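Before any questions on how it binds or moves, here is one chain, the form predicted on its own, in structure tokens.
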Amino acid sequence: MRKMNTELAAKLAQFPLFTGQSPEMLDKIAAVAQLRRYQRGQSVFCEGDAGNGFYMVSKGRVKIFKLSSEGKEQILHVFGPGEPFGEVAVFEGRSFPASAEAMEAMEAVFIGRADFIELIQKNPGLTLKMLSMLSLRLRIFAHLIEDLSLKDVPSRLARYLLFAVEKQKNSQKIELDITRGQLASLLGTIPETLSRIFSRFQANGVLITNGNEVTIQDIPMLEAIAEGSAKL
């Protein structure tokens, strides 16, 4: 058991939420954490399930989504290694507002709500880090709502690509970590429309695509499209 906790503590040290924590604190967190594994397509939780804790991706990716009454899927977020999800449950103690599903073989660390609340009461620094992550999440979600309600699909795609550039340390060569179908769902469109827009961007010298690799050639134009001040 001690070896297992030591290995889990080492994993926890890699998560941004727990960077800078002492070995003693990491051991305490590991003592109440659980390592859970999921297969591709396996549900982590469903909308309406009791929000009894939160998760952090250790390996693989998870999608957070909602289903319409007609069964149409709207992807809200895609999270990868080091990123938490389901954390609203920690503060609200209510049901999960959306569903989560493993996009590939995935490993996640789960911490129960009661255990985490006890931890943050003894270490307020964890609260500040969690609030910082939630603030970033809220900003991204606000952009998503704005895009889906006010912007056309080319603008949504342009904003997504700019965010990917920022996330991948401002590299103009980015790797799409989701399929075109999943990206279409995230942007509130269909794959055929998305493919046409990618082709239009490429024809106008904005970018070059090679499978899942996208090389941005004209950042200013992409920014103008995202803002709605330029059309192609």
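Predicted, not measured: the structure shown is a model, and the values here were computed from it. Here the rigid core means the biggest group of C-alpha atoms that line up within 1.5 Å when the two forms are laid on top of each other. The first residue of the sequence shown is number 1, and the count goes up from there.
The next section is about a form of this same protein that is not shown, the form predicted in complex with the DNA.
- Think of it this way: in the model of the complex, the DNA has a heavy atom of just one of K66, R40, K173, R37 within 4.5 Å, and the residue is R40.
- Interface residue among A31, A203, A50, I190, judged by heavy atoms within 4.5 Å of the DNA in the model of the complex: I190.
- Put simply, S199 is close to the DNA in the model of the complex: some heavy atom of it is within 4.5 Å.
- Although the partner is absent here, R61 lies well away from the DNA in the model of the complex, with no heavy atom inside 4.5 Å.
- Mapping the unseen interface onto this chain, D115 falls outside it, with no heavy atom inside 4.5 Å of the DNA in the model of the complex.
- The shortest heavy atom separation between S195 and the DNA in the model of the complex is within 4.5 Å.
- Screening 175-183, 23-31, 159-167, 41-49 for residues having heavy atoms within 4.5 Å of the DNA in the model of the complex returns a single hit, 175-183.
- With contact defined as any non-hydrogen atom lying within 4.5 angstroms of the DNA in the model of the complex, K72 is the only contacting residue in 56-90.
- For E213, a C-alpha deviation of 2 angstroms or more is recorded between this form and the one not shown after rigid-core alignment.
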